[in-house]
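First structure 1, then structure 2: two forms of the same chain, each alone, as structure tokens.
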Structure 1
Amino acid sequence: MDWVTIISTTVKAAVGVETVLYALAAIGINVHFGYTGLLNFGQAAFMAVAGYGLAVTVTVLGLPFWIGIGVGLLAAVLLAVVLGIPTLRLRADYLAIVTIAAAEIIRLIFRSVAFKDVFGGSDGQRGFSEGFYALNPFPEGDYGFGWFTFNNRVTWVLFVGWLLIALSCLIVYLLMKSPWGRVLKAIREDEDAVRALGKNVFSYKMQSLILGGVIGALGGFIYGLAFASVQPDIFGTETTFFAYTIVILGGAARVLGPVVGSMIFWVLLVLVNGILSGAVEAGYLPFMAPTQVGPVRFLLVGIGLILLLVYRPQGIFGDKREIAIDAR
């Protein structure tokens, strides 16, 4: 096995594009689940409408890049409002049912042959990232040091992505230290008591759903710009479940929990994948085919996460009380 390649790839994964986009999605989930107690199982839908909003605006309508960003953010806000109006006055599990169903409906609409001229069908859309890379301040070449070396395009994406993560974490930190954030935490603990104090619980939940959805939408932008394309199947339910895994791994209701959780999650996946692939190629695992490496790595990482939930359910930085759900 080429241990140098395995280690270098693993180290780069700690700050790579996947880590960035899932960190943004998980920060949004943290606002919903960690701070407000909302079971949003449709975070992938917020990422999808943002990515496709940008792609369709630029490629189909021929409008500038920045208008596409605005359209994507507006689509995320509208999605939150549409999902929240019929569900946020009900129990937590109704929101979970509606959001996971809505996410699948949106994915299938984007995948539909009937709308292929607009959304591109199963092939998705591409050719909308030129406006973003035209702003790239990094000349042609490689940047970084040692194993943390990337070309100028990836460096630009990572620079913007980590800047968005920093801004999102700062906004979440300031908001959760404010009276508004304390109301959200109170709603998570006992929304009936908050309602008895005269607070509009529905309004606060809606604001939280919009905020977390918009932050998650930033992850959709990063995906589309990094890979210069969007495909509907990327925004499946597993994307949302990965984000929840990351939140729980890092610690719910902790500002930096989703960021650290995303880094650890992708480092583990890449490390296990590299070790298994090397072992199969070297003949150390004769009973395993190369095509089985992907599923087995998820199995092994999943077992590790189950053990984490058994022995430390609050995650690395979390508190057990932060993951309790009041589903009344």
Structure 2
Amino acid sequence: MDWVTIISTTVKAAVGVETVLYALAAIGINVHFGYTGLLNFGQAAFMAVAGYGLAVTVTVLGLPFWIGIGVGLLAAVLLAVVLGIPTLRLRADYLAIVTIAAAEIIRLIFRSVAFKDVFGGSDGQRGFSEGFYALNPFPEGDYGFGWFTFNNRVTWVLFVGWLLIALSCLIVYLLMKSPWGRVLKAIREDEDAVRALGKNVFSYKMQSLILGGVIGALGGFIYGLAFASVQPDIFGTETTFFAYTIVILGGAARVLGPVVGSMIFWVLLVLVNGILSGAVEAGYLPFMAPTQVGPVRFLLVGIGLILLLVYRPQGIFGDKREIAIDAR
């Protein structure tokens, strides 16, 4: 088996673009779900409106990159408000379904033939990332050492991505240490108690929804910029589910949980694939066709996920005591 390839792809996956973008989405979810108890299952929609906001502004309207970013962020905030006003008074599990529904509505509209002129139908939009790469301070070439290298474009994306992760984590850390974060956590436990103590629960939930949504939106930008395109289906429920998985893997309501969770998730995905296809290519698994690697990989990832949570239900950073408190 080609261990160098397996290890190099795995290590690169640990810091790669997917890790970054899912980490951002997951940090947002962590704010929503981990800290505030908002079961927002529509995180993909925040990424989508950001990605599309940027894409449509640049490609369809022909405006500069920075305005696109602005539009994307504004769209995320707007989505939070529009989504939040009617839904934030719902019980957690109802909220989950409503947010999934809203996200699907948005995805279906982005993908529809009816709006193809604006959103590009099922193929999405591309050609809006030049402004971003124009800012690239890394001259053409590869960066890194040994096999751990990325070309200048990827390096730039990763640089910005990890910077955003660091920034988001810092903000989340500061906020959750503060009385503001305390109110959020209290809302997670019991809204009515918080209301009785004179806090405007709705306003805090909305702030949380916006904050998490905007962080998720950063993930949407990273996707669009790294792949130089946006497609509607990447912003489907699967993405949100994976992001949730990541949050729980890392440990909910832990600042670095989502980041580590994202790394684990992608490492798992890539490592399993590397070893499996390596083994098949080397003929160790004669009963398996090469085309079965894909399904078996997900199958194993499923099992891996189950085992991780069975043996560490609180996630990597989570506190076992917290889980024990409320096992229903």
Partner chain sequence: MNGVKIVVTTESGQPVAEATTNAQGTWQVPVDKPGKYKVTLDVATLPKDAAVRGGSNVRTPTVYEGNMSTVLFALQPKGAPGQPAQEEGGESSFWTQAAQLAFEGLNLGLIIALAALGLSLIYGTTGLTNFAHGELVTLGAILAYAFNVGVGLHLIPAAVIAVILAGGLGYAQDRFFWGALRKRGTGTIAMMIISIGVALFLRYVFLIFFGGQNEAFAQYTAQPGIEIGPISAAPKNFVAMGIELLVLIVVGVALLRTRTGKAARAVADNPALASSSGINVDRVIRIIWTMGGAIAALAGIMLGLSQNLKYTMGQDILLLIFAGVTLGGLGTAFGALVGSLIVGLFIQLSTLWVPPELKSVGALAVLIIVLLFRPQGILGRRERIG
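The model shown is predicted, which means the values in this text are computed figures rather than measured ones. Throughout, residue numbering runs from 1 along the sequence of structure 1. Here the rigid core means the biggest group of C-alpha atoms that line up within 1.5 Å when the two forms are laid on top of each other.
Q: Do you think the form predicted in complex with its partner chain is shown as structure 1, or as structure 2?
A: Structure 2.
Q: Taking the rigid core as fixed, quantify in angstrom how much the C-alpha of Q292 shifts between structures 1 and 2.
A: Q292 is displaced by 2.6 Å at its C-alpha.
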